[in-house]
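One chain is shown next in structure tokens, namely the form predicted on its own.
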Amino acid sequence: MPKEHANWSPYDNNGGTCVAIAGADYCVIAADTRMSTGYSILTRDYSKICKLADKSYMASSGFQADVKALQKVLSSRHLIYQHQHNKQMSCPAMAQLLSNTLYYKRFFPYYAFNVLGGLDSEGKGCVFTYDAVGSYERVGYSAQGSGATLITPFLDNQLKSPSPLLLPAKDAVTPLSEAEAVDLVKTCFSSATERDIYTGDSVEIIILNANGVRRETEQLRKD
């Protein structure tokens, strides 16, 4: 192999941070809008949140080319499901589809770190967190991406879920109101932006509840 090709990689990491919080009757999914490579900012206005179904949204960090390919596969499989079943997928069904799609590519994975949020069939908030090869778990909150190591300890401190070993099992939803969860997400991002060069510019927040979907943005520091 020629020496100049020895360090070539099919992957890049475009940075960015995603957070999701599930409540009793709502779900908040948020991601910053900065896309970087190395020490360069490619764009300051890139949405990392994708609508998969009316009650399922996915936020993804990692290699954004792989994220786009993954979104296209999920979109086409959801369309096939709609034609076959004459209804949209529930959020837990979409979570299983995402897991299967990632696991199918486990020998050459999508370099995408996803968090899926939405409402389940009972109207409760649900958040599913993933690794790159499809291992997933339903949780009350999750953070992924370059700022996850900064945000996760803060969320643990504020929202720590009950142990899954407790019996009877408790729901993995947070006790906060919707407004408190949105404020907490904004605090997470403004804090992470101070320490992570790959997180910044602005944060896009999607709020799902029984009344539908609401979108908010909050400006972050630009340097």
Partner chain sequence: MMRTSFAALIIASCILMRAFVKPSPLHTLEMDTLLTSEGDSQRTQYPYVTGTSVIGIKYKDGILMAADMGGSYGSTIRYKSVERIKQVGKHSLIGASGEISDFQEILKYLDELILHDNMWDDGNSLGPKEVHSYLTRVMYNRRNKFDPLWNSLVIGGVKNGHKYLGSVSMIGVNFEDDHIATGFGNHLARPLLREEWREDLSFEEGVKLLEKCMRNLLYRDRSAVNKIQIAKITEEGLTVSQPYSLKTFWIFSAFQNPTVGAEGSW
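From a predicted model like this one, the values you see are computed outputs, not experimental measurements. Positions refer to the first chain, counted from 1.
Heads up, the form predicted in complex with its partner chain isn't pictured, but that's what we're talking about next.
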Partner contact check in the model of the complex: of 58 to 66, 183 to 191, 24 to 32, 151 to 159, the stretch with a heavy atom within 4.5 Å of its partner chain is 58 to 66
Quick one: is F128 in contact with its partner chain in the model of the complex, heavy atoms, 4.5 Å cut-off?
-> no
Touches its partner chain in the model of the complex: N211 (any heavy atom, 4.5 Å) | no
Any of the heavy atoms of R44 lying within 4.5 Å of its partner chain in the model of the complex?
-> yes
Looking at the partner-bound form in the model of the complex, is R106 within 4.5 Å of its partner chain by any heavy atom?
-> no
